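Structure 1 and structure 2, given next as structure tokens, are two forms of the same protein chain, each shown alone.
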Structure 1
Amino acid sequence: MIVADGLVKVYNGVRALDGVSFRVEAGELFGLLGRNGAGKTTAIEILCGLRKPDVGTARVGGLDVVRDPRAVRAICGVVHQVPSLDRWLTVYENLDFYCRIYGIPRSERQVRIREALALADLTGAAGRMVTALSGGMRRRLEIARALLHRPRVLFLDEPTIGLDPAARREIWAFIADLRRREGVTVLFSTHYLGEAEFCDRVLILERGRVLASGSPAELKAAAGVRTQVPPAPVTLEEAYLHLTQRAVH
């Protein structure tokens, strides 16, 4: 569903991406893991057709992101790192506004909005102002809004940033249910190591380069097991720290 091949992006002489390549299969939950400034957001912006790579190619749903950016955006839903809800509109009004932006016919809007409200468990909050919602409710609304046009791929850039642990668990339960119900391919970025445990596969970025990739179990195996008796399984956090320290040295 997603193919990135040798992506390079330079900002003011600094390589935000330096030859990044990976593939995401249809229906996968794929994570981009890395510290702030590792290149995660740049990669997502390129894949969404919002930014052009300096070198390399990328395809989403078989579409070239440079040649057909509008077609790519038509099959993608995007939730950016910075919240983008209109705080002075109601939940319903936010969804209706985006239905119009997506060009959804008037005859279909009510159905799409009802579906989004049900998906986000916000039917009872349709008339509430966004300012009255909790952080977790707002994030669920943003994700549901990104699905109004029924995309095949959902990009989530740090979807739980700024949320407390309970709200983060709430969002991941929502995403798990979303995958079961909609079968959408999900690519998300995070620097929360625990969240990467939910992934089918993870790509670790470090200073714009691919440091390692694979399933959480494969990354743990690559980092080794702690030497103690009896041996305890390595955590993904330990694997990440081990792999990044190895790269530095």
Structure 2
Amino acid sequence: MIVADGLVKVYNGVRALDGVSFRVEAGELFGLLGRNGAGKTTAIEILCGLRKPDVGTARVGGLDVVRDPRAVRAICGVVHQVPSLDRWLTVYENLDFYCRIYGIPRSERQVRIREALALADLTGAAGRMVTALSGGMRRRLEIARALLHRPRVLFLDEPTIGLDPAARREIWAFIADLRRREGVTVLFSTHYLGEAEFCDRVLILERGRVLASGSPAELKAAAGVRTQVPPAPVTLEEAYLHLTQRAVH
């Protein structure tokens, strides 16, 4: 579903991505890990047709992100790391605006907006200004909004940033439910390693390069080999710290 091949992106001398290649199969839940500045957001923005790589190619749903960015954007839903709700509009107006920008026909808008509101558990809040919502409610709204045009691939850049544990759990339950019902492919980035435990596969970026990739179990095994002192790591967080050599001894 997603194929990245040798992606390079340089911002005035900073190599944000330095030859990144990977694949995500259809229907997978794929986690992108890595410290601040590792290149996660840059990778996501290239894959959803928002930025051009300097070198390399990528295909999403069989479409080339450089040659056909608009077609790629049509099949992708994106939740950006920075909030992108319109603070001057109500919850309903935000959803309606999105529908119109994505060319959803008028006849279907009502139904889809109602579904999105139900999904985000915000049916009663449709008429409220988004500034009156809590952080968690806003994030849920952003995720539900990204699904309005029924994307085949969903990109979530730190979807649970700044949320309390209960709200984080709710968001993941929400995403799991969504995958079950719609079968979307989900690629997300996170700093909460616990969230990545449930991924089909994860990829660790380090200074714009792929440091490791595989299923959580595979990463733990790989980290286990490196651990001089047994026992091998039991959580992905421990494995991550070993692999990125930031383990505290």
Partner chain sequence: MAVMPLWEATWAIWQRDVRSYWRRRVRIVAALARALLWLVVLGSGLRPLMAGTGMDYVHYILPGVLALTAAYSSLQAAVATMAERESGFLRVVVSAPVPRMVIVGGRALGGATEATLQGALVLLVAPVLGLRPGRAGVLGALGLLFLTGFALTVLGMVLAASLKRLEDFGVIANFVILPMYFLSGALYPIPPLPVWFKALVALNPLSYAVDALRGVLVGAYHFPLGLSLTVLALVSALMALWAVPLYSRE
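Keep in mind the model is a prediction, meaning the values are calculated, not measured. In this text, the rigid core denotes the largest set of C-alpha atoms whose superposition between the two forms falls within 1.5 Å. Residue indices: 1-based, along structure 1.
- Remark: the form predicted alone is the source of structure 1; structure 2 originates elsewhere.
- Residue displacement note: A146 has its CA displaced by under 2 Å between structure 1 and structure 2 (rigid core superposed).
- Core-superposed comparison between structure 1 and structure 2: the Cα of L133 travels 2 Å or more.
- Once both forms are fitted on their core, the CA shift for A173 between structure 1 and structure 2 remains under 2 Å.
- Fit the two forms on the rigid core and the C-alpha of T90 turns out 2.8 Å off between structure 1 and structure 2.
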